[in-house]
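Take a look at this one chain, the form predicted on its own, written out in structure tokens.
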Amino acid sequence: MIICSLKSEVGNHINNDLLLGKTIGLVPTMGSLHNGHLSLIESAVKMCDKVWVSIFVNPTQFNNKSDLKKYPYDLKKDIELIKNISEKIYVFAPKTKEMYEDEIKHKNYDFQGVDSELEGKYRKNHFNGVGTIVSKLFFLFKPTKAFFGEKDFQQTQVIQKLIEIENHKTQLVICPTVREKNGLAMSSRNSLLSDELKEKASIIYETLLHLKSNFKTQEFNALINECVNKIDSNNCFKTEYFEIVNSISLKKLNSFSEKNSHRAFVSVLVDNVRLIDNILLN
């Protein structure tokens, strides 16, 4: 396995691979890898000649400095997990200064509104931070395909806009959400929960499934209120948002229409640990 910490090292490998006509798969992560990340890497291995995994906790996508500080990070463990898939995978694990040089600052993008809904209402400039670091990675790696999880579906739509804005030749590959046995979407943040709260957090996915079964026949607001009440009835749980939106524009919908593709999104604070999830409804 080759592990690089400098962009110049990466550039040397990439230029050689491009000359040889190899397809390059990129899996951008912030580390603290779990089975969700590993499924992205496995997909990349199947679909590409060379696979790179970037491990970088990006400061510009955190609104809260304390959230950044407590974000779990264990590079040694992450590398061992990647090795279990294949020792031929390349890892890029840079320091903040290597990625941002003299100024830790995000760019400002026009993502045509997909960044201002849902997460965008609660995390100012979060997607500008995501766009900034993914842009740096795309220009560095020139990936044939980039792999992201459906759990962060809004993020995937932002990245698709980024690809269009900057004319990257990269194909975005969205892989299905990987879940715990109880249905909880896998997330690095899950490690911050007690076993009891992690088990109770199954209610998030349960309510999404309930909504999927009933959204065509029940009034949206009443159905959402029912789901929110089920979640918030648990001690230490507080729903931040629960919305049904158009799958493409991510604009909120108030009623069912055969013309729309519907997707439900939810964000819940569980003992101040922020968990998000979503599900395609039709």
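Residues carry their position along the shown sequence, with the first being 1. Remember, it's a predicted structure, so these values are computed and weren't measured experimentally.
Beyond what is shown, the protein has a form predicted in complex with pantoate (PAF); the following relates to that form.
Segments offered: 231-239, 245-253, 43-51, 29-37. Contacting pantoate (PAF) in the predicted complex at heavy atom distances within 4.5 Å is 29-37. The contact with pantoate (PAF) in the predicted complex, taken as any heavy atom within 4.5 Å, belongs to 155 out of 155, 187, 207, 144. Between the options 130, 162, 203, 118, the residue in contact with pantoate (PAF) in the predicted complex by a heavy atom within 4.5 angstroms is 130. For the three residues 61, 134 and 148, a heavy atom within 4.5 Å of pantoate (PAF) turns up in the predicted complex in every case.
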